[in-house]
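In structure tokens, one chain follows: the form predicted alone.
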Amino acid sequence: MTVSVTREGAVLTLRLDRPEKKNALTQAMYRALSEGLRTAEADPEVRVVLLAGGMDFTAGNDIADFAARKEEGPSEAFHFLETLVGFAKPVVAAVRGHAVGIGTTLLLHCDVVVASEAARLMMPFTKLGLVPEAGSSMLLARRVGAARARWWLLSGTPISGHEAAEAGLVTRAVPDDAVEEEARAVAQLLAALPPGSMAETKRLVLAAEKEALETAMRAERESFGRMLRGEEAQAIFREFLNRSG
């Protein structure tokens, strides 16, 4: 099982569990994450979701699995993002090691992110011949400022957990061995608060950018699909698969 689901009190944990691939995400894993969120949404006993990995959060998309997809229309990754964006309950993320591509952009939709000071966040979309997703083309600039967002998205340069916290991309950065404990403490604190008030507060906080976010994600989805089918991305994928195969 590459995504485990456990519950401790009112906190449901979705844990990426594919350490041999640094938790690189497959379509099946995205599907499991979406199902886990829907289960948590429907269960009144669950008040907070904790999203975690292990030594690594995630290395992003599994390129071989990604390249092998034949279906038309939105991928499981986009379905997962839509589920995460619409999720009404608080989401806490615990980030260690690598957080690549969607492993970084999904954090924009988490309510609290506890990262290792030594974590390595990266959005290498241009290096893959692709474009940003998860609404990051809009949200990242609002979060960290336009100049820093453009540099990170255009260059794909790595960002330490410490730098991400200073910029406001994550909530706080702590020593690596304290990430899980700190994230769980935050999740339990939020779970102890009135759930109706939490959900309504989250709705109000997100309401102002809801329409703009939907527009940005639609534009990203169209552009991502077009770039994915383009020669730049296809050549990069072929080179990667030939090298790894």
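Numbers follow the displayed sequence, beginning with 1. Bear in mind that the values here come from a model prediction, so they are computed numbers and not experimental data.
The same protein also has a form predicted in complex with a small molecule, omitted here; what follows describes it.
Stretch-level contact analysis of 184 to 192, 202 to 210, 35 to 43, 60 to 68 against the small molecule in the predicted bound form, using heavy atoms and a 4.5 Å limit, identifies 60 to 68. Heavy atoms of residue 159 never reach within 4.5 Å of the small molecule in the predicted bound form, leaving it off the interface. The small molecule is not drawn, but in the predicted bound form it has a heavy atom within 4.5 Å of residue 24. Contact annotation for residue 121: none of its heavy atoms lies within 4.5 Å of the small molecule in the predicted bound form.
In the predicted bound form, no heavy atom of residue 152 sits within 4.5 Å of the small molecule. Using a 4.5 Å heavy atom cutoff, 20, 98 and 101 all lie near the small molecule in the predicted bound form. Note on contacts: among 165, 128, 174, 141, the single residue with a heavy atom within 4.5 Å of the small molecule in the predicted bound form is 128.
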